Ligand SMILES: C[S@@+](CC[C@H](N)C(=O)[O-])C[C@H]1O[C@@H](n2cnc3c(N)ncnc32)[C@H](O)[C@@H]1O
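Given next, in structure tokens, is a single chain: the form predicted alone.
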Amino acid sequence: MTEDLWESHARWWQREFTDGVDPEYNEQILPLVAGLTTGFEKILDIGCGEGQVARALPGNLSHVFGIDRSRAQVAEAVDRSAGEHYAQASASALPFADETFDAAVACLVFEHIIEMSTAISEVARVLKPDGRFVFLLNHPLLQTPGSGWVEEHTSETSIQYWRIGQYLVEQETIEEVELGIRIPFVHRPLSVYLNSLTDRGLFLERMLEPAPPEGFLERNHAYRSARHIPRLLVLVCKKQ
């Protein structure tokens, strides 16, 4: 069911979020990932989609490999390739030998993976010692299902605040992100991610919570009042 949804919505994703269309990727995500993987030679992009993150990685793209469960996404990635390599595969069963990569990237992927612990074990397995894992998530605290900007008005006052959903409740949902487009999400508290990483020898070196970029705010005027609420969480981990 989950794979069917991603397969059927591949073209929507490519149209709405890639090839220079989406300001969050252009102004924030792609520069962040490129900067955090500079100096690493052989890099794996997990859940690569049509390859826009892989194509933005620094260095020799012939040393970049991307995997995705969606056949349609991998086919498009191959068509758009600038020299990097792609394969259809699951994050929970990476088709690579132990200690193959200097760095790995997962960009807004693990909140859609049910077998999260197995996938993190696979990341640790294919990374070389001292390898880097750049792990980007929709912020688990501030983008919890049910969260959002609230404005309450009475005859005397106007109150604005960011509502937090049931943060501690792990839950799988299918969200309609726009009319007719339904995407699976899995919400987990941040502690679940951090403990899973640490248990597998991937230790946090740095955490980033960037504010939404200006291009996103220009396209989403309703979010401008909540511009102090980060949408993105970036965990930079090192394999010990």
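One-based numbering along the sequence shown. All values reported here derive from a predicted model rather than from experimental measurement.
The form predicted together with the named molecule exists for this protein as well; it is not shown, and the discussion that follows is about that form.
Heavy atoms within 4.5 Å of the named molecule in the predicted bound form map, among the stretches 159-167, 100-108, 144-152, 125-133, onto 100-108 alone.
At the 4.5 Å threshold, heavy atoms of residue 81 stay clear of the named molecule in the predicted bound form, well away from it. Shown alone here, residue 197 lies farther than 4.5 Å from the named molecule in the predicted bound form, counting heavy atoms only.
Put simply, residue 53 is close to the named molecule in the predicted bound form: some heavy atom of it is within 4.5 Å. When contacts are judged by a 4.5 Å heavy atom cut-off, residue 216 does not count as touching the named molecule in the predicted bound form. Along 110-137, residues 112, 113 each place a heavy atom within 4.5 Å of the named molecule in the predicted bound form.
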